[in-house]
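One chain comes next, on its own, written as structure tokens: the form predicted alone.
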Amino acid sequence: MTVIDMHAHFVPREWPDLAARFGGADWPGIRHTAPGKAMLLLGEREFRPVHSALWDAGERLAAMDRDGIDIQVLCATPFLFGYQRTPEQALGAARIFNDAALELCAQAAGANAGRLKSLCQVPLQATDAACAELSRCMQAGHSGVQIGNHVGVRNLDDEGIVTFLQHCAAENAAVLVHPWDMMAADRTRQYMMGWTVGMPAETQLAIVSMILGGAFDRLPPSLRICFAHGGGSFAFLLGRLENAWHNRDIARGKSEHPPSHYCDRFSVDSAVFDQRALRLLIEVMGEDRVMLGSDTPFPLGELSVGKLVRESAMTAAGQAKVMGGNAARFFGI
């Protein structure tokens, strides 16, 4: 079987000074600190230490060979989104990073050609610009698009975002939803709780907003959309959501059906790091709706990619779907 890791991140080794090019403050940047090491920056503030697997195709391919990964789908680190910028600024930055992603994929040449695929980013705060950049990127060779789970206070049932998702369906572009700009930042500042608590909650909010906000009822079934990190807390809390929908009118929102009805409208990745969680995820979503996703090369990603699925009690046929078959269909690989 072809093994596909559909959730991995990148940043370019370098990029232009975005503040100098577009104006404004607190643009993302990178400062190399030692061979193979760097610090991501937001303006002058240190954001996260990183290493060369993010931008070095050779190192990335070597890690894939070590873990038995045939194809990897990479996307930008979400701090590059720029949703708080003007549409013109965000579009200009998106084009820089989208072209850099294709350049990184092209470094996998010769026998490795085609092993790296990329998702673009778009200025999601501006629907027309987002649609235009998606079309440009699909024509250029991207496999789909990564979006954040919200734009400010606008959730994924926002009319402009739904219009963009309709355009994704029309362009046959797969969509990966990744949490970012997590809630309750002041209360989750310590112990990386923004990642361990905030991210699952943000992803749950994204899925529920699409269900109860009626987005799935307005979107074509042909839309291929996946939520990162196992869909956050959705699978575990589906019973609570279902109970509220059936017992309180106010909890139904605009949805035409109970929440469980929509589980066949989206996919999730396998980045849950626990066999019990994976079993529940498969039971709730079905083995056709879960795809191998590692969140590599970050320390909170799966350090031995695919180990969780390979060591699961799934049937060989089920493992083949999760390890690659589902992603091949999802991304048209």
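Being a predicted model, the structure only gives us computed values, none of them experimental. Residue positions are given as counts along the sequence shown, with the first one as 1.
The same protein also exists as the form predicted in complex with a further copy of the same chain; that form is not shown, yet it is the one meant from here on.
Shown alone here, L300 lies within 4.5 Å of a further copy of the same chain in the predicted complex, counting heavy atoms only. For D157, a non-hydrogen atom is located within 4.5 Å of a further copy of the same chain in the predicted complex, even though that partner is not displayed. Taking non-hydrogen atoms only, P123 never approaches a further copy of the same chain to within 4.5 angstroms in the predicted complex. V197 belongs to the set of residues with a heavy atom inside 4.5 Å of a further copy of the same chain in the predicted complex. Within 4.5 Å of a further copy of the same chain in the predicted complex, a heavy atom is found for not a single one of A63, R95 and S143. Comparing 204-212, 96-104, 135-143, 163-171 against a further copy of the same chain in the predicted complex, the single stretch with non-hydrogen atoms within 4.5 angstroms of it is 204-212. None of P258, G253, G148, P87 but one reaches within 4.5 angstroms of a further copy of the same chain in the predicted complex through a heavy atom, and that residue is G253.
Residue-level contacts in the predicted complex: of I69, A38, A57, V272, one residue has a heavy atom within 4.5 Å of a further copy of the same chain, and it is V272. Residues G253, K254, V272, F273, D274, R276, A277, R279, L280, L281, E283, V284 are the members of 252-291 with a non-hydrogen atom no more than 4.5 angstroms from a further copy of the same chain in the predicted complex.
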